[in-house]
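Before any questions on binding or motion, here is one chain by itself as structure tokens, the form predicted alone.
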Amino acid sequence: MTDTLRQSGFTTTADGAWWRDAAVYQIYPRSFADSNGDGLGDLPGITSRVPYLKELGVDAVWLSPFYPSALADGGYDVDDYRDVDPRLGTLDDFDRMIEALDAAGLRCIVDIVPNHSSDRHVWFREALASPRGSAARDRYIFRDGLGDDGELPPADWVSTFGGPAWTPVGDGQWYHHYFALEQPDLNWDNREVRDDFLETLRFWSDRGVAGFRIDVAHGLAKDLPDILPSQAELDALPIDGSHPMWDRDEVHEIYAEWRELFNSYSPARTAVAEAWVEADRRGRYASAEGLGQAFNFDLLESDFDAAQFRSVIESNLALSEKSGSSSTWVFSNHDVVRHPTRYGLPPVDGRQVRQGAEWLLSRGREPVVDVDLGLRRARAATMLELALPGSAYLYQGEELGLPEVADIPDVDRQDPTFFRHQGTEIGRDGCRVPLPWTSAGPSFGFGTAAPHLPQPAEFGRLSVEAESGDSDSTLTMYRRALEIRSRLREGGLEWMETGNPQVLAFRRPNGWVSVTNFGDELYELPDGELLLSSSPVVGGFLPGAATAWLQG
């Protein structure tokens, strides 16, 4: 046994840092549960399912945006940061949801979207009605256009959703939007912007929110030169703290102010950064002086491969120890192909993870997904994840083993990626299809009407109702795994020698052993009481694409 890895200050209660080893369940509100039969999930629907969340065994829920929005980008185009979309409920409904979660011993994390507002936000409407150089326009990023009358964009930049990243407003000026044109970027050099977001964080903290997930956390601070670089020049610049757009060192000045506010509460509010940055720069977002945690997407981007998994685990535990935080582990969320589907795709150039886009573009016809293998690998990977030190972020429906839904009719699609790329990229709708709660019905128990995204017929057999009574179901496995984890999760890990490069095994300080077989051949398990396995263990042998937990 070698390479003991421990996390500094690892605790769940003594310092109030419950988030260090929490199991957090992400809810995409519009697709979780519909209480009023309009086809759209809502806050009362979430409240009605709190008993399910408690039985599942998670510690907290994270809500994707529920704010007033035109849904140009699934709610990440926010009209008002301190209200609830009337289609999803009211502030009173939010308070009742928080009360129900609290009564069940569950905390609530909410999404904050600070890089951009929607174009319907009162500030942006005021900016459009105000002249160039006005205080209203200074809250956003406006630039004079090129050409005699400003008829050309300030630069040839391309939005991440496709199409230009600059949009004209009719008076020779253009505004910047890294995402959809309905999502104008805010100017974080403006003190009014900073103060207003502090007020937003205070507003939700006062309502009982325990923490925040920060969207595009690495993008707030910007320093755009008078003469803008071309897109090619921008892409060639290193992202090392001085890039005009991304991961600038100054962004941490913003989060130091947020941390001061978070620490004024008891217990202190927490936050987790969605920061797509180099691993060696992730620690500043996760530090005690900053947000406290940062997402580690490295396992999400890895193949089902023992060497890749071990490398990711070792490097991220070391990074978390250095930052004084804890690592985060995630396989699925609202932006990526669900991991049972990813793991069932054939490799291209030796990699599985690169196949998701090609599979989506073919509407799921080619390449052919090995559904059984994908689910077995997903179950094995999830059990490994839940055995690791740190916090685990789970995405709604993964506990049912839901696959990605690829073949959604164009008329039903909602993701701006699909429309801005004119169908050459399918987008993220397939992982946002509403959950199935019952085996039958117009929306498999999601509500009483047709859901806002169509569900495939196979969702009936994958519903909560169907899986709750099945001892071998993915839902049952998640419930058992989360219960065991809640009892045994403290401390670091120690790698165990397996004698097989396709098998990873580690021990936690309390004798909890996790063994994952990434290969195809049977592997003889070490001595110990079998607590749980993702696939049946026969005669002491673990099959391929499986994880087993033992008490040693």
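The first residue of the shown sequence is 1; numbering continues from there. All values reported here derive from a predicted model rather than from experimental measurement.
Another form exists, predicted together with alpha-D-glucopyranose; not displayed. Remarks below refer to it.
alpha-D-glucopyranose in the predicted bound form comes within 4.5 Å of a heavy atom belonging to Phe161. Taking non-hydrogen atoms only, Val113 approaches alpha-D-glucopyranose to within 4.5 angstroms in the predicted bound form.
Not displayed here, alpha-D-glucopyranose is kept clear of Arg137 by more than 4.5 Å at the level of heavy atoms in the predicted bound form. Interface membership of Asp335, defined by any non-hydrogen atom within 4.5 Å of alpha-D-glucopyranose in the predicted bound form, is confirmed. With alpha-D-glucopyranose omitted here, the record of contacts in the predicted bound form names 179 to 187 of 179 to 187, 246 to 254, 392 to 400, 453 to 461, defined by a heavy atom within 4.5 Å. Every residue of the trio Asp73, Asp215 and Arg428 has some heavy atom no more than 4.5 Å from alpha-D-glucopyranose in the predicted bound form. This chain lacks the partner; the member of Glu274, Asp303, Asp93, Asp79 within 4.5 angstroms of alpha-D-glucopyranose in the predicted bound form by a non-hydrogen atom is Glu274. Checked against alpha-D-glucopyranose in the predicted bound form, the residues Arg259, Arg143, Arg479, Arg432 give one hit for a heavy atom within 4.5 Å, which is Arg432.
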